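Let's start with one chain on its own, the form predicted on its own, as structure tokens.
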Amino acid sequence: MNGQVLRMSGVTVRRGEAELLREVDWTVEEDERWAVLGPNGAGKTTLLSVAAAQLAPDSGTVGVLGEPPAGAGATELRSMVGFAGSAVANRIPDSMAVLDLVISAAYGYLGRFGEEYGTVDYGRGRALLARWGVGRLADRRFGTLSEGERKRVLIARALMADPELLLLDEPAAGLDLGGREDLLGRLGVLADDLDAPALVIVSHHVEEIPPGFTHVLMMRDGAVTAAGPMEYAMTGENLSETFGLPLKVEHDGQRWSARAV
């Protein structure tokens, strides 16, 4: 695999006459942490769905963990990719217990279906919930959780199977300031962990990029406008093209910010 966990070449996704993704080329290496930025409708969530082997492109090629995400091995491949976002949250019954939701991800399931889990699975599930600050919620029902609690539980779930690639769709969206800063701090710790999987987060906001992220990919109208190491690609010029207005970028050594010029 030569260190590559994700490779896209000429990837295009169409819905009717609209192109949700257009000729996207993108490679993610195993030790990289990527932020995907762009305005609403840029194609970010579609990009993540392709990366998670949840959506097949209309043209172009995709390799996830060195394999094409189709055929007999697709289910096993998806279990090696941690994916958290509204597309997952919307499929979870309100009545599902939080701990059951997390541990079922060990075998690629979304909930319990009569299968047996051992002490190791329960221990890992509780440890992951504690790591993301929601250990006290293990016995709660998913439908009773706040938006911030749901996001943390879904990240714990996405890590349950010890994936090689972790994809997070707008993990900080809808959180208050305290909740956002706490979550970004925890994501920064994960980014610094040498044993952590390759990380990709999607966001609308530069301020929501956690510390320790190494690369950025910017999108507009389904196409890539800029991509590369953060220190080279995160520029006012690239952001201005991506969001369609003049922007100035600042960096304090840990976090990025942007404002209109």
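Throughout, we count residues from 1 along the sequence that is shown. Keep in mind it's a predicted model, so treat the numbers as computed, not measured.
One more form of this protein should be noted, the form predicted in complex with a small molecule, which is absent from this view; the next part is about it.
Trainee: Here the chain is shown alone; which of 121, 170, 182, 149 has a heavy atom within 4.5 Å of the small molecule in the predicted bound form?
Mentor: Checked against the cut-off, the match is 170.
Trainee: State the residue from 54, 45, 225, 235 whose non-hydrogen atoms include one within 4.5 Å of the small molecule in the predicted bound form.
Mentor: If I apply the 4.5 Å criterion carefully, the residue I get is 45.
Trainee: Identify whether the small molecule in the predicted bound form is within 4.5 Å of every residue in the set 93, 96 and 140, based on non-hydrogen atoms.
Mentor: Heavy-atom distance to the small molecule in the predicted bound form: none of the three under 4.5 Å.
Trainee: Using heavy atoms and a 4.5 Å limit, would one call residue 249 a contact residue for the small molecule in the predicted bound form?
Mentor: So residue 249 does not count as contacting the small molecule.
Trainee: Do residue 41 and the small molecule share at least one heavy atom pair within 4.5 Å in the predicted bound form?
Mentor: Result yes; residue 41 sits at the interface with the small molecule in the predicted bound form.
Trainee: Report yes if any heavy atom of residue 215 sits within 4.5 Å of a heavy atom of the small molecule in the predicted bound form; otherwise report no.
Mentor: Output for residue 215 is no: heavy atoms all beyond 4.5 Å of the small molecule.
Trainee: Among 33-41, 226-234, 205-213, 188-196, which stretch sits within 4.5 Å of the small molecule in the predicted bound form, heavy atoms only?
Mentor: Looking at the partner contacts, the answer comes out as 33-41.
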